[in-house]
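One chain is shown next in structure tokens, namely the form predicted on its own.
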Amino acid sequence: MSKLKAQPTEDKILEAAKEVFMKYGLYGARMQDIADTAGINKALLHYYFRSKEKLFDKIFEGALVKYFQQMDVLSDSSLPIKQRVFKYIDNIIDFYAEYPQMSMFIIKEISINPEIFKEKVSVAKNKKGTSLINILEDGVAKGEIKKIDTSMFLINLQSLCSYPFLASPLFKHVLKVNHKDWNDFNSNKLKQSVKTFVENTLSK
């Protein structure tokens, strides 16, 4: 018996939904695809989750908790600031590889329900995590890193880590037109590229 078949029905649905959403995104996924992947009929799927949007929210509320867990390494004062940022880059890119639609989910939630999204963030964060801006400003004050615009650094860092996953359909097309293969892209290459940006930006 496969692992998926041995699971309780709701767990099977959630695992199948995660697989389908990661492949097609919120708007490309169909409830029938999720039911087929879970090995159940569509009526049973609707019994557990009335709409695709509710199921999507359920998947990504859990992902949101995991997202903030990636920031825990920033609090490790035993490491130099750059090493903490490097470890965060490893963590967050691995996270985006697992949840490539996360950035789109955040944008959607902020646009549609900003107050509800703030509540979700508050619950998911659960007082964990440290502000990267505060850490960088402290490092500048102590002379550990050079003086930078910490807000712009945060924006650039998050963009470099998340955009390749968010815009992968565009990049697949562009690379194909230029006789390149998207499959040559991998997380390790991205991590190294982002770390080079960090090294060049923070080193005195």
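None of the values given here were measured: they were computed from a predicted structure. Heads up: residue numbers just count along the shown sequence, starting at 1.
As for the form predicted together with the DNA, it is not shown, yet the points below apply to it.
- The partner is absent here; in the predicted complex, the one residue of 172, 146, 66, 42 having a heavy atom within 4.5 Å of the DNA is 42.
- Proximity of residue 52 to the DNA in the predicted complex: non-hydrogen atoms within 4.5 Å are present.
- At a distance threshold of 4.5 angstroms between non-hydrogen atoms, residue 9 is in contact with the DNA in the predicted complex.
- In the predicted complex, the DNA sits within 4.5 Å of a heavy atom belonging to residue 29.
- In the predicted complex, at least one heavy atom of residue 47 sits within 4.5 Å of a heavy atom of the DNA.
- In summary, the region of this chain contacting the DNA in the predicted complex, judged by heavy atoms within 4.5 Å and restricted to 162-170, 148-156, 131-139, 29-37, corresponds to 29-37.
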